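Listed next as structure tokens is one chain, alone, in the form predicted alone.
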């Protein structure tokens, strides 16, 4: 297990593509692992206190990581535990393993992820499980759970997997959705715009476009794109 703790409060963002694979590297490789602090390339040991405890494939981020981006990018297995807040793009392109965020998460949690699980104990911002701008497909598999509230554009262009928001969310839920399932336990804004397939389940109040057909167990659409997605009130 590898434990990282910030040495000071960061003034600018850090781009750190760190995964549980880092815990399997030698002490020298870990200390000299390169990250970007603003426009400056830094060694990991310049920014973080580093502690090794055994050989478990686990990464513990202890402290405020709200300015640290790309944590867990493309990870295949193992576990990351964030004992605080995390920056943008956490779990992007993730293929396996588990990320637990005990605080809040910034934008792009699980963007274009293909497998694994992400749990956010606090709130998360926008674009959860979405496709990056210019790309056609978002999340394909895996599961993202936010125990608090979330922002806008949840599951845009997602094709598979599950996103569950236990609180409320913002606008444009499941826009251009192609598959998978989104569950919002609270309220949200407009849902399902240009939706082609998949299921959106909503427990609270929400806004519905007029391009959805009412059925016995929900609404089907978006008919403007010949969609067969389903929105269900739970």
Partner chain sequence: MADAVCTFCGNVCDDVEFDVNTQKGKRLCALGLAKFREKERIKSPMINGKEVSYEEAVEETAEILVNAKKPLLYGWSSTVNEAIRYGIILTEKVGGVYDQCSSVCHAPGTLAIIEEGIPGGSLGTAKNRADVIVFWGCNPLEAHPRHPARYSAMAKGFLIKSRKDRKIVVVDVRKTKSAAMADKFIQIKPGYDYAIISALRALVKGEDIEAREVGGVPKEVLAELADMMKSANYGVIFYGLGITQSRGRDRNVENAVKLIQLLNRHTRWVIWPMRGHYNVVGAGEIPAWEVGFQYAIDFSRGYPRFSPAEFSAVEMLLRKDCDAMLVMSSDPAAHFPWKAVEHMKNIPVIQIDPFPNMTTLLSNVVIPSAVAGIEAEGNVYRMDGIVLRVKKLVDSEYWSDEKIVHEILKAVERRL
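Residue numbers count along the first chain shown, from 1. Because the structure is predicted, anything quoted here is derived from the model rather than measured.
This protein has a second form, the form predicted in complex with its partner chain, left out of what is shown; the following refers to that one.
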query	finding
One stretch from 74-82, 121-129, 95-103, 139-147 that, in the predicted bound form, holds residues within 4.5 Å of its partner chain by heavy atom	121-129
In the predicted bound form, residue 186 touching its partner chain (heavy atom, 4.5 Å)	no
Proximity of residue 209 to its partner chain in the predicted bound form, heavy atoms at 4.5 Å	yes
Heavy atom of residue 38 within 4.5 Å of its partner chain in the predicted bound form	yes
Contact of residue 159 with its partner chain in the predicted bound form (heavy atom, 4.5 Å)	no
Residues in 179-195 close to its partner chain in the predicted bound form, defined by a heavy atom within 4.5 Å, in order	189, 190, 193, 194
